[in-house]
Ligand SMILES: C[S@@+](CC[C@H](N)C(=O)[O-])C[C@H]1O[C@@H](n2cnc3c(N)ncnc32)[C@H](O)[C@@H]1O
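A single chain comes next, written as structure tokens; it is the form predicted alone.
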Amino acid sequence: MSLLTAKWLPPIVGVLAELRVADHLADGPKTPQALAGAVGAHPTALRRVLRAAASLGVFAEDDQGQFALTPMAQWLRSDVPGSLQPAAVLFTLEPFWTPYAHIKHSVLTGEPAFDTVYGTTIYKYFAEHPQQAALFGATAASFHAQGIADIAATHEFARYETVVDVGGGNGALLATILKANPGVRGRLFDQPDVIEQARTAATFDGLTDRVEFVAGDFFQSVPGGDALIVKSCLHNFADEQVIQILRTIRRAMPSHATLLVAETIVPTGNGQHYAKLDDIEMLVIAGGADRDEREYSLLLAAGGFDVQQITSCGERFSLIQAQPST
């Protein structure tokens, strides 16, 4: 029953995140009536949702009928580092919800149900819906904040003169690497609209003299450097597309350069792991896959690389270090 009723949880948390209830409780407990007035909600309906959230450890109700933040609810505040407020909103939006009603299509065909429901890919959808694309970017940044810190701390980036972040989004990973390694220069590479946003973002405050912004398509070409890192991109695509991306990267790399692939790797065994569920998101929404070590090694070999080592970076990410095949 707990598994079957789990569908109730994201909408409960998501609507409270969208209404920014946690922000309104930052200065202390409030009644549902006061909160409803502040966020424009129906008092009784809001109390029912808050009561349900409190049963999950998100918010807490006291003897006076006031609701307060809990340690878990702090993550729904929009003003805290690593806030999960954007993620809570994103995962209750129709494009991330409706395709799961068509999961059978994905299971029978291996194709993303999203494409069938919306008549386009998630990537083209985002290009046509910039507000939702921005929300997705904010979600990725918060989801990966700890992983980015772990990746930057795990590898010795100081040995490179230039690091290229391929598909680097807003540049959070590259900026973290540059801040920790003052002698390194960086190139941020992504689609033109993403790069335009990154140019004006606060991510690279104080670092702009060490960063080059390059727009393009990683199926066509990427800029070269001493180390090229690609994080949370390959899992978005099917095997043949991954190989195409890797071959594009290989063409840009001198023989001495290093490729670093940061991804969530599916572990062996029957234990629970984030990657095993994220893999279903890739199946239904994006058309990609989370993969195990062997699968990534085979893809890298097909793309022209030899895997040297795989290093764990915290709970979710692993860093695959590879060199161009001779």
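Because the structure is a prediction, the values reported are computed rather than measured. Residue numbers run from 1 along the displayed sequence.
Keep in mind the form predicted in complex with the ligand is missing from the figure; the text below concerns it.
Residue (of 86, 112, 147, 169) lying close to the ligand in the predicted bound form, criterion heavy atoms within 4.5 Å: Contact with the ligand in the predicted bound form is made by 169 alone.
With the ligand left out of view, choose which of 75, 91, 118, 237 has a non-hydrogen atom within 4.5 angstroms of it in the predicted bound form. Exactly one residue meets the criterion: 237.
Which of these stretches, 226-234, 153-161, 251-259, 98-106, has heavy atoms within 4.5 Å of the ligand in the predicted bound form? Selected range: 226-234.
Find out whether any non-hydrogen atom of residue 218 is located within 4.5 angstroms of the ligand in the predicted bound form, and reply yes or no. The answer is yes: residue 218 has a heavy atom within 4.5 Å of the ligand.
Residue-level question: is residue 136 within 4.5 Å of the ligand in the predicted bound form, judged on heavy atoms? Yes.
Heavy atom of residue 181 within 4.5 Å of the ligand in the predicted bound form: Residue 181: no, not in contact with the ligand in the predicted bound form.
Determine whether any heavy atom of residue 140 comes within 4.5 Å of a heavy atom of the ligand in the predicted bound form, and answer yes or no. Within the cut-off, so yes.
Even though the chain is shown alone, can you say which residues of 166-202 have a heavy atom within 4.5 Å of the ligand in the predicted bound form? Residues within 4.5 Å: 167, 168, 169, 189, 190, 191, 194.
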